[in-house]
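Presented as structure tokens, the chain that follows is alone, the form predicted on its own.
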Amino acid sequence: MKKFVALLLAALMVLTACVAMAEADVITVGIVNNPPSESGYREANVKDFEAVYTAENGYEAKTFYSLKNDEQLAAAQQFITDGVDYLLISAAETTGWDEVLTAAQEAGIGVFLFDRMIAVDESLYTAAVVSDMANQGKLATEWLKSLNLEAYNIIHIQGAMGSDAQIGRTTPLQEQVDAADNWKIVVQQTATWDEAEAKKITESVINSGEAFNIIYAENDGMAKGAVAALDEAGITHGKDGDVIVMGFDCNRWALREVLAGNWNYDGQCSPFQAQVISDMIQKVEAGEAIETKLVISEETYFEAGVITEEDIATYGLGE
């Protein structure tokens, strides 16, 4: 009997040790992101992270979604209190993060930025895997400029103010408007990525009777809302229409609009950063150095008359 008890205790000790080792091998990540309902881009981005940060891949993922910077900051601070191993952040706004990231650093928690940059010293994060939002805005503005229109009268529908995407897609356009006499912003207003709000903004301009010939919407959903207002008013748009339509993100349905000539331009924004960051985390866990602190996604744009079905199959997001 004593021998049996001793063997049982030994087996229990081995089992406990194995469980402890298994738990120790799990990497906990706190993911702070914008909600998937924000846009088709964000839905793809969230799905990408959900697919990578799984128990099967050795992770325990805690997630928080909000479009409000203060809520994101509070969630990040709670993840630090919870003792996660890494914080992964796509910030609603570029500012306000110094204190939280300093707290993460003091707690020995690695920080990875994804999708968007934050205005902090680079010493406060391990690495950033992001889009070059300013380049997206530059490409769009240069494309518009290449049309050599006699007049540029623009309805500018902005994303969530203070976000890296909004700043990057706004600044080059605003600089061109300030520099050129024939460029004019008819209205510049945020729709906070919302399709219905973008429609209302466009309707208000239509009802005012003020002339415009360009819709510059900072994501596909807002471009879709603006186009709905044009359609209801009987205003033609796209390749052979009276109004140029521009969006960003390259949702598959949006690229089909470009292919059909209903839209003129769609700027790419890649949502796929999760695996790149996971590979970096594995290097850190193995005691290896990360070669590149800043990884910028390669992105382009697509225009009516040039885009192909192959482009849509390759670069389109969603169904």
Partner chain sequence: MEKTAQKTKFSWSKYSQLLLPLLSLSLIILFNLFRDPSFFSVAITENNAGNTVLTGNLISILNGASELAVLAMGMTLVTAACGGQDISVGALAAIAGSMFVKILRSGEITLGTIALAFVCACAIAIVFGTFNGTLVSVFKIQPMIATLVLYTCGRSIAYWLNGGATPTVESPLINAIGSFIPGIPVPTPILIVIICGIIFALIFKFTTLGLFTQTVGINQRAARLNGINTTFIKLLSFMILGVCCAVAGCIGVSRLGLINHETLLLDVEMDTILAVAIGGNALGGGKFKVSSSVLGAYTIQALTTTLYAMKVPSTDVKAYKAIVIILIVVIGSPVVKAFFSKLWAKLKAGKQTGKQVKEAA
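Between two forms, the rigid core is defined as the largest C-alpha subset superposing within 1.5 Å. Numbering follows the first chain given and starts at 1. Small disclaimer: the values here were computed from a predicted structure and weren't measured.
The form predicted in complex with its partner chain is left out here; the points below concern that form.
Student: Let me know the one among 236, 123, 182, 95 whose heavy atoms come within 4.5 Å of its partner chain in the predicted bound form, would you?
Tutor: Selected residue: 236.
Student: State the residue from 294, 276, 67, 290 whose non-hydrogen atoms include one within 4.5 Å of its partner chain in the predicted bound form.
Tutor: Contact with its partner chain in the predicted bound form is made by 67 alone.
Student: Would 30, 102 and 285 all count as contacting its partner chain in the predicted bound form, using a 4.5 Å heavy atom cut-off?
Tutor: No, none of 30, 102 and 285 comes within 4.5 Å of its partner chain in the predicted bound form.
Student: Residue 107 near its partner chain in the predicted bound form, any heavy atom under 4.5 Å?
Tutor: Result no; residue 107 lies far from its partner chain in the predicted bound form.
Student: Just checking whether residue 40 would be counted as a contact of its partner chain in the predicted bound form - the rule being heavy atoms within 4.5 angstroms.
Tutor: Taking the distances in the predicted bound form, the answer for residue 40 is yes, it comes within 4.5 Å of its partner chain.
Student: At the 4.5 Å heavy atom threshold, is residue 168 in contact with its partner chain in the predicted bound form?
Tutor: Because no heavy atom of residue 168 falls inside 4.5 Å of its partner chain in the predicted bound form, the answer is no.
Student: Using 4.5 Å between non-hydrogen atoms, is residue 187 touching its partner chain in the predicted bound form?
Tutor: It does: once its partner chain is placed as it appears in the predicted bound form, residue 187 has a heavy atom within 4.5 Å of it.
Student: Among the candidate stretches 132 to 140, 81 to 89, 107 to 115, 218 to 226, which one is within 4.5 Å of its partner chain in the predicted bound form when only heavy atoms are counted?
Tutor: Only one stretch passes the 4.5 Å heavy-atom test: 218 to 226.
Student: Could you list the residues in 191 to 213 that come within 4.5 Å of its partner chain in the predicted bound form, counting only heavy atoms and keeping sequence order?
Tutor: Heavy-atom contacts to its partner chain in the predicted bound form: 192, 193, 194, 195, 196, 197, 199, 200, 201, 203, 204, 207, 210.
Student: With both forms fit on the core, has residue 35 moved 2 Å or more by CA between the shown form and the other one?
Tutor: Comparing forms between the shown form and the other one, the residue 35 CA shifts at least 2 Å.
Student: Hey, does residue 71 budge by 2 Å or more at the Cα between the shown form and the other one once the core is superposed?
Tutor: Comparing forms between the shown form and the other one, the residue 71 CA shifts at least 2 Å.
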